[in-house]
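So this first bit is one chain, no partners, the form predicted on its own, shown in structure tokens.
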């Protein structure tokens, strides 16, 4: 069983202390978490040349507070985008703050990401963070009691379990936004990584990355990862969907999704011999190739350049509140939204 220790990580600009929790399993894998934003701060894997850091992020509280592109964060209450910053529930329109280009609501306006969560439980091999949001913040309905539990197994599996319940009928869709580089955080871009997605369809988007409606097959397009491909092989192809998003930044519809834990994706780095398998109970996964990273300073003061990390964000589809054809994430008052995602690290 993994062991868990805690330590001060630094202070926020308002003086509050951020606490780091580090879990280490019997194989020497270490996962560090922060109560600020319920972030994954670090994943260190045992490697022949010494511990290998496979997340792109920060080693100080200021980075997570002021320089973040959601590195390692929990995003919510509704991850990804809501078109026009609006939706209706039972004929009542709710208007949300529009924090992206003045047009869309992205990642719940960073609410979960920039909140100091309560540590509900911290024991050997597991940490549970809790945040109760006020009804109406950023225009979003419902006082939601959100709990996120991270658990590290001796089998190299990091499990993330979400359990959220609201006092009002509302949409709920949290995710984790860790950027991965299986070559190591400072090894350059991730274009040589190979990726496989168990998804034969995706949700096409417009110029604001909002779904245009329905789904399309990936077959015959650069978005087809049903067989393994290098991420960089087709990322700059002359294809409309890639031009709109500057590369991969799309929701993929997981084949056979039925609420049970199933494999959604796998990524490999030949240089280090590492593979990461992703399992989830959710219907979608957002593959984002770090197209909009612009060289901000991250871990050890090194720049986080374009495409230096990739994200596999498990989720309900983007803009589901305005797309009745998508799997629903509308929950009644008192109804729990429960999901699980697992990141498994193995040798090739």
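Just so we're clear, the structure is a prediction, and the values are computed from it rather than from any experiment. Numbering follows the first chain given and starts at 1.
What comes next is about the form predicted together with a small molecule, which does not appear here.
Looking at the small molecule in the predicted bound form, residues 69, 177 and 249 each place a heavy atom within 4.5 Å of it. Mapping the unseen interface onto this chain, residue 65 falls outside it, with no heavy atom inside 4.5 Å of the small molecule in the predicted bound form. Although the partner is absent here, residue 193 is not a contact residue: none of its heavy atoms lies within 4.5 angstroms of the small molecule in the predicted bound form. Taking the partner from the other structure, the small molecule in the predicted bound form has a heavy atom within 4.5 Å of a heavy atom of residue 286. Of the heavy atoms in residue 257, none are within 4.5 Å of the small molecule in the predicted bound form. With the partner omitted here, the stretch from 229-237, 118-126, 99-107, 152-160 that lies within 4.5 Å of the small molecule by heavy atoms in the predicted bound form is 99-107.
With the partner omitted here, the residue from 133, 81, 275, 138 that has a non-hydrogen atom within 4.5 angstroms of the small molecule in the predicted bound form is 81.
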